[in-house]
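A single chain comes next, written as structure tokens; it is the form predicted on its own.
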């Protein structure tokens, strides 16, 4: 195995800020156990190891974390992000002062376990969609402060990011539409009002629950229509009526959402929707089991 230079598709300032917060949270005024029990001059080497198979994500964070704790630590990354690795695979090898290794261990594992869990689950969903043009989207249901990392892990697993936040696309959801309805505006009027406000270059998505509202949204010029909690037959009807014989991916783009699981994913995709968004990818994913093993 050889050393690989890796980078992560997240702005450097966000990476450093998040890691610093995590280290401050864990270390506080100092690692009492390591300071009291471990002589400061002992050198050692340890491996970051997969305890179960999965898609690895977050490896480029490891050198940042360990060297932020102790600049003398050397980190050799052995697996690239996106690798579907078996149990027992060594992700990275760290050598140098044992005190720094011990102090940084939990934060390093927390990041790579969590991100690898997201990438692994995303890859399982993407595999179910194999052969279909439907693409898997994530949501804004992310851990506060870690959205950029979690959405990165979705990309590593083969998924596609929905909007990053409230600032990069318009999404008229049920509560927006309910409030506008009290002002006498239906879905079409809401889309027109929004388009006048944001101009022609900002994408507008509208959440609908009925076939009639889907037609209204399309006629008003919505770029993307979210079919929320609809049974597949209703989705199929909307796809047929709105898209007809148009080529896949042409407007209006249709997105399905609402409690979609690995078991129901394929049937939803086969309705012909362009996208399926799945909140579980980030809001309740199980971390991959990853540990640190010492060299004797």
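Positions refer to the first chain, counted from 1. Rigid core here is just the name for the largest C-alpha set that superposes within 1.5 Å across the two forms. Being a predicted model, the structure only gives us computed values, none of them experimental.
Keep in mind that the form predicted in complex with a further copy of the same chain is not shown, yet the notes after this line are about it.
Residue 238 falls outside the set of residues with a heavy atom inside 4.5 Å of a further copy of the same chain in the predicted bound form. Although the partner is absent here, residue 110 sits close enough that one of its heavy atoms falls within 4.5 Å of a further copy of the same chain in the predicted bound form.
Contact annotation: residue 88 falls outside 4.5 Å of a further copy of the same chain in the predicted bound form, judged by heavy atom distances. Within this chain, residue 186 is remote from the site of a further copy of the same chain in the predicted bound form, having no heavy atom within 4.5 Å.
Comment: 101-109 is the region of 210-218, 88-96, 101-109, 123-131 lying near a further copy of the same chain in the predicted bound form, near meaning a non-hydrogen atom within 4.5 Å. In the predicted bound form, the residues of 45-71 lying within 4.5 Å of a further copy of the same chain by at least one heavy atom are, in order, 68, 69, 70, 71. After superposition on the rigid core, displacement of the C-alpha of residue 199 between the shown form and the other one amounts to 2 Å or more.
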